[in-house]
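Single chain ahead, by itself, as structure tokens, in the form predicted on its own.
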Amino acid sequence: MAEIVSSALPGSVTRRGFIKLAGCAAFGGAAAIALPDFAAAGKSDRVKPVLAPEAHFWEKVRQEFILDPDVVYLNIGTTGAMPRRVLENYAEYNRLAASRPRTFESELGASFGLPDQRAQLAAQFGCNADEICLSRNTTDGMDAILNGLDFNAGDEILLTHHEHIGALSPLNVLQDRYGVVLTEVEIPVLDVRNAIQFVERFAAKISGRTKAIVFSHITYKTGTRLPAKDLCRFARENGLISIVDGAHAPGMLKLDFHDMGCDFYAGAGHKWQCGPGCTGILYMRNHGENLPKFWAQNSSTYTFLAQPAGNLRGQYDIAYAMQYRGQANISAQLAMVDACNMWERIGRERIEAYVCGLSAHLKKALQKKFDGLGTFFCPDKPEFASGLTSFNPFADVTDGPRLTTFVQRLQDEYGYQARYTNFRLYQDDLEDTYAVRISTHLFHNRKQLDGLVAAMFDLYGQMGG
């Protein structure tokens, strides 16, 4: 195997031959053309992957994962799986940390605040290096954002009725501690037609005391992709702060934070990006007009890098302040960057097209097999679709025990591991609606999904239809 290193590593490590990050020799032959080595991933914005026949290409990608062959894993929405070479790197980083605790970070090019790694991420996610850092996960990012902003009694925050506890928890702290008003916005679920619907729902709730909006880029409950750019534009035009829970987007969608126009974005690294656990991405707009006043309270830098007078945040590296938070798991963070670089070499647009293409195939296969039976809670429209498909085959969508049993038997008896979600279909519902939530990712293929659909239909028949 060729000795290939991540661009984050200095030459001394290259000569030692520590790291074996999936290179040409690892993929071999024609695949080396399809997926160039990841060593140059730090220059990913200048690299255009050469396309090979799709089936051949994605089969080579699937070989980079060590998932249990006896289980078709369809729950990336909860956690992903590290690729083989990223996992090998992570193990080597940990070995170095154990053998040379005081020098391994410098050997690996991990300076305080990870400036080189943040520069790589900035090039991949459409922002400046002083606006992006590695967090612990989406919840950690949402906590840092919401508790770092200047909210006072009576300030109102609009949020959808399908938010995750990672956002709801700090929002409720703000409500109970400072008297912030939380106002839910009912977003469309079964009748998604266009972006205007979502903007109008928020616009109908806005008041003179509204200060911010919070929404999930992709709802974890149904898999609906919200029109983030339209909602952020709406917020900006109304003088509101836009805060996006992006748990499911990094690694699934091609993201450009500047183009999206959000003020803050918290994403996961361990889900669709397939990095180690306890990793995430945090974006904080640090340039342009009307920067929200923000305290980097979840940081180790406040004693010498306090909130600047006049809130002139663009004059200092806010991402450095948020990155430098005492002792960190540098090994996990570097492996996370390796995973990002791998995605960049594959091509993020290509990944998005493949993942959402599988999701579209799954929807069509379910529609055909069940012949109109069951309920979809995820829109079958490309602009609102994601790698998450939510579906309930049974007539009574509020029968939680039946649906949860269905999901468990699907795993135990057929080897397809998905999960269920429960949610209020409409804001004022007294009973939850239940759905099977299926994640399709770059290590899946259509044959697996067709097998899943056949298994679901068979089990549906066994359970009385």
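Each residue number is its position in the shown sequence, starting from 1. Nothing here was measured: the structure is a model prediction, and the numbers come from that model.
Unshown form predicted in complex with a small molecule; subsequent notes refer to it.
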*Tell me, yes or no, whether Gly77 is in contact with the small molecule in the predicted complex, where a contact means a heavy atom of each within 4.5 Å.*
yes
*Would you check, heavy atoms only and a 4.5 Å threshold, whether His164 touches the small molecule in the predicted complex?*
yes
_Is Ala335 near the small molecule? Define near as a heavy atom within 4.5 Å, in the predicted complex._
no
_Test of understanding: in the predicted complex, would Ser216 fall inside 4.5 Å of the small molecule by heavy atoms?_
yes
*Look at the stretches 257-265, 242-250, 365-373, 284-292 and give the one with heavy atoms within 4.5 Å of the small molecule in the predicted complex.*
242-250
*Out of Asn89, Thr138, Thr389, Gln117, which one falls within 4.5 Å of the small molecule in the predicted complex, going by heavy atoms?*
Thr138
*asked:* Looking at Trp343, Tyr220, Tyr93, Phe125 here, can you tell me which has any non-hydrogen atom within 4.5 angstroms of the small molecule in the predicted complex?
replied: Tyr220
